[in-house]
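Shown here is one chain on its own, the form predicted on its own, set out as structure tokens.
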Amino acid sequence: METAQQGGFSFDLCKRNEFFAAKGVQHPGFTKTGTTIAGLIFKDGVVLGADTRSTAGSTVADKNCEKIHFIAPNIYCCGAGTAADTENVTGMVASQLELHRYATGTQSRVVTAMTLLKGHLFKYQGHVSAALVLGGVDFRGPHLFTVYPHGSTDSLPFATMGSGSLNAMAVFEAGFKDDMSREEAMALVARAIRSGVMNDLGSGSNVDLCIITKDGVEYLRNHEYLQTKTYERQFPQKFASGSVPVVRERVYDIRRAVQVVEGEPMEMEVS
């Protein structure tokens, strides 16, 4: 007799995973972004920033990944946590907002994106590892939200998330002021991300910035290179004559060691 399907979260896969773990089966790992992400509101809009290091355990999986995700033409979102979760959650909300724009013919609102994100994350009770900093500008002005993996949200003039968030927050609390100019806001966000990169092992590589105003979006990919190589090896490597000492030298006369004999040409069968 079949039982009626009831609503709620299904724990069948959790029980399966516990069974395999008890048998000694190792589950495949996932890539976590480590991450320092930040954002602040300035006089004309919002500036978002992120580092570019992605880690898998103690290994750097990607030195130049993108952590600032597109949500709408006037809304972008920084993601910290599991890379797959942040990319897919932001992509899902972006597609929903695009359909909403087609249906209504109006610009997407930042609070709508925030509501979709928090509703999806709350449904999974923190099992979707996505900590987000959402920023954008709509007809009501600039907005900045933080969305936690369990679905709670904050609306703040400046915000940080990720493993390097405390370092970035210290920079914001010391340097933030109301009605900052575009250049001041960009410099402060970049300095906050640098603080996370230099003091947090899960953050590293470069600094990405995204500036959103009512006039449009400027995405500055690799705005700052923090760990560039000071020396680039050239191929093939060329050494100047006399730069390397000669330890031992042998000279062979090929003409005496090898005897070349001319033979008769042979016909090749082609049938």
Partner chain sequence: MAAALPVRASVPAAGQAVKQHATWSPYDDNGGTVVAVAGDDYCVVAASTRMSTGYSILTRNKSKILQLNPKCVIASAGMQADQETLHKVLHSRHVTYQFNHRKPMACPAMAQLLSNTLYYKRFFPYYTFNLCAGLDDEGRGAVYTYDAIGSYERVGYGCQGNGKELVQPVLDNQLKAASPLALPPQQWLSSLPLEQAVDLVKGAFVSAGERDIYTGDDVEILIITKDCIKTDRLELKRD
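The model shown is predicted, which means the values in this text are computed figures rather than measured ones. For the two forms, the rigid core is made up of the largest set of C-alpha atoms that agree within 1.5 Å on superposition. Residue numbers count along the first chain shown, from 1.
Note that the form predicted together with the partner chain isn't included here; everything after this is about it.
Within 4.5 Å of any heavy atom of the partner chain in the model of the complex lies no heavy atom of residue 93. Using a 4.5 angstroms threshold between heavy atoms, residue 67 stays clear of the partner chain in the model of the complex. The closest heavy atom approach of residue 108 to the partner chain in the model of the complex falls outside 4.5 Å.
Under a 4.5 angstroms non-hydrogen atom cutoff, the partner chain in the model of the complex has residue 63 among its neighbouring residues. Taking a 4.5 Å heavy atom cutoff to the partner chain in the model of the complex, the contact residue among 131, 197, 71, 185 is 197.
In the model of the complex, the residues of 43 to 72 lying within 4.5 Å of the partner chain by at least one heavy atom are, in order, 53, 55, 57, 58, 59, 60, 61, 62, 63. Once you line up the core between this form and the one not shown, the Cα of residue 58 stays within less than 2 Å of where it was.
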